[in-house]
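Below sits a lone chain in structure tokens, taken as the form predicted on its own.
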């Protein structure tokens, strides 16, 4: 789709992931057995025909570069367009509420100046979804919109925190941003912003020029303050969307994958989620292995019991160990007769025999990378 380029903000930070995002941005956190969270936004743009994508990165971007390389797995190793690394201005400081900081774009203005695409598709990199932006882009062009925000509808706005709700007229033009307290008094469906939007490139350049000297102002706040001046429309999506900000978010969205319907909507449709290819051998299951309702990636050795769990690549589970309601990241080694329940093990964790690791549904136990127990 030659009339659009993409920008993904992969520099969001949080202190709610209990160490999973300590040495990596949220976008680089492993997810679903073989993916990174960033893969979902990146694949959605590629599947929409966007072949020029800029990635706003934090200061600890090495895990992102290790995963992305030149972008070959996403068809972005190109002479024309491709994948661009855009260093963030504030490195995604924990505690800030900015999603699309204008200062980040000002520091990478050449990315926008050198391209002649009419539109820019912008997304956060801390969400799980599979969206094709083609319909939203067609809607955006048909309405001759300056910006188009992508939204979902929800019955109970109390279920979502830190979300932007808005009101539209019959033509789907955004008229006001609604106060969440007012929303709670009604029983209607309420549209909320899913941290994805389309904006005309020239309009974005004009906004950057006018507002970049004012510090880290959020793009959505600028659009909100100029609804009377700009033509801002809303385009709906029916995609599953899960934002990852806390360890509970990560655990719940991961366990959702054990539902066949969820896997079908995310992975098994026409648009696939791409990720880094690794030539691992198939997983080996011994005669003592017992596996039920679990996702197990390639390159593993399974001799224990696995129930309601997600096992990443290269994990070794020895005979007699029990893995229940857990997420085991790559290259972990669980020795004989060890047990985990409601546990998340980061990469390369070793659990020696007879140890029992147990968290709870609302507070999963997190074990940091390379820990030996």
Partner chain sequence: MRKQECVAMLLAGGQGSRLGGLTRIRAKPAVSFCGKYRIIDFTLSNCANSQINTVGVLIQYKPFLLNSYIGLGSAWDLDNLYGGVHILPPFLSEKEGRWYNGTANAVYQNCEFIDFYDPEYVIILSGDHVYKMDYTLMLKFHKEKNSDITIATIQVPWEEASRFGILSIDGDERITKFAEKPAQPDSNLASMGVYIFNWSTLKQALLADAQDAQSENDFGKNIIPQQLQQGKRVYAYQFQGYWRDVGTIESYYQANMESLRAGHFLSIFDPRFRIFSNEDILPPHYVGSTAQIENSLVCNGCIVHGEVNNSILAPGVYVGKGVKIKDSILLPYAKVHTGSVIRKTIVGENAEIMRRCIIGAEGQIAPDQEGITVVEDNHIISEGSIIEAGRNI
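Remember, predicted model here, so these are calculated numbers, not experimental data. Positions refer to the first chain, counted from 1.
What follows is about the form predicted together with the partner chain, which we do not show.
Enquirer: Given that the partner is absent here, state which listed stretch (264-272, 112-120, 214-222, 130-138) has heavy atoms within 4.5 Å of the partner chain in the predicted bound form.
Expert: The contacting stretch is 264-272.
Enquirer: Do all of 280, 284 and 294 end up near the partner chain in the predicted bound form, with near meaning a heavy atom within 4.5 Å?
Expert: Yes: 280, 284 and 294 each sit within 4.5 Å of the partner chain in the predicted bound form.
Enquirer: Using a 4.5 Å cut on heavy atoms, which of 106, 143, 173, 72 is close to the partner chain in the predicted bound form?
Expert: Looking at the other structure, the residue within range turns out to be 72.
Enquirer: Would you mind picking the one in 168, 154, 240, 258 that has a heavy atom within 4.5 Å of the partner chain in the predicted bound form?
Expert: That would be 258.
Enquirer: Taking the partner chain as it sits in the predicted bound form, is residue 342 near enough to touch it, meaning that at least one heavy atom pair lies within 4.5 angstroms?
Expert: Contact check for residue 342: no, nothing within 4.5 Å of the partner chain in the predicted bound form.
Enquirer: In the predicted bound form, does residue 33 come within 4.5 Å of the partner chain, counting heavy atoms only?
Expert: Contact with the partner chain, yes.
Enquirer: Does any part of residue 298 reach within 4.5 Å of the partner chain in the predicted bound form? Heavy atoms only, please.
Expert: Heavy-atom contact with the partner chain at 4.5 Å: present for residue 298.
Enquirer: In the predicted bound form, is there a heavy atom of the partner chain that lies within 4.5 Å of any heavy atom of residue 289, even though the partner is absent here?
Expert: Contact with the partner chain, yes.
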